[in-house]
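First, one chain by itself in structure tokens, the form predicted alone.
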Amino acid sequence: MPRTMSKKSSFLLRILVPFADVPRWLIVALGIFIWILVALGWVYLTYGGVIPPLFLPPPGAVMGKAGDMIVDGSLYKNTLSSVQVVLYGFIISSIVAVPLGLWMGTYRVVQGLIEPLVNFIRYLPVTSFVPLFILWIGIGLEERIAVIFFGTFFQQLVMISTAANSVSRDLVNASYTLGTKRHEVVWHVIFPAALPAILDTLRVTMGWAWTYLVVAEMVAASSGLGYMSMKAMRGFQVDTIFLAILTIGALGMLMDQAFRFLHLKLAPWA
């Protein structure tokens, strides 16, 4: 018995060490446990009568609403519309932000030119620009993509610039010694060295893109999960609102796992 207790204590001490390796089965078990805990809490609060259905719908009501919307095709239509908006806005933002961020973090001249403007714009609320985007671009897909782009681009630019600026100067100097030309350093040395941090930046800002989805679809949209949620709010359809929230969360988790996989494939050394 004392030996068993000693093994348990040793295991607990080992997994509580900062940055210590933890068995894969434990990570999976903890992930499952937290979801079971959340589900049980939801069941207790709703079916136990702690919170009225008007404020927190029971799981059965949300699942029933999901079944109805799957059958009539509206859930698929709204989900596809939102995925399209988020991906278009995020991809366009990333295509521009990655090279510009690398140059901004590498060349002080580019940093001096762009950084003051970027640091001013990235603190501006995205919601205040929605009426301007409607005025400038019009109502439609382009306006919603512009909201996602505006909400993610300037944050990406600063984070990618920081990643590029953090690359070891010894690595750059060594590349010069080996014959790398100065105009080749950005893409042949700095970009590969900063790639793990850039992928992390894209992963984080993808989450921000999804948070701006409701903002993008709250005005003059005819489809999308944000539109579905805003429309349900007007009719106090809380089960539909929760369904939209859960769908966005599930899509976000899938994309987060996709970025984790991409990180392992493109930057396995990190």
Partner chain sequence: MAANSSASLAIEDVTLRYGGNNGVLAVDRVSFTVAPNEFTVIVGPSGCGKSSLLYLVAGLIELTGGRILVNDRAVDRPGPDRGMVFQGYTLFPWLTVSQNVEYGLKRKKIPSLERDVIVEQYLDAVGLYPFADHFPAQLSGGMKQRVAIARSLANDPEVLLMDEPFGALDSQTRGTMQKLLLKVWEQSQKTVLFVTHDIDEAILLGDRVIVMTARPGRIKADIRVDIPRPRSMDLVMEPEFIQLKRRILGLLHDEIDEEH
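All figures in this text were calculated on a predicted structure; none of them were measured in a lab. Residue numbers count along the first chain shown, from 1.
Separately, the form predicted together with its partner chain exists; it is not shown, and the next lines address it.
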Requested in this report: Choose from 182-190, 126-134, 75-83, 98-106 the stretch whose residues reach within 4.5 Å of its partner chain in the predicted bound form, heavy atoms counted.
Outcome: 182-190
Report task. Name the single residue among Ala174, Ile139, Ile91, Leu113 that comes within 4.5 Å of its partner chain in the predicted bound form, judging by heavy atoms. Result -> Ala174
Query - its partner chain contact in the predicted bound form: Val71, any heavy atom under 4.5 Å - result: no
Query - Residues within stretch 234-270 having a non-hydrogen atom within 4.5 Å of its partner chain in the predicted bound form - result: Pro268, Trp269
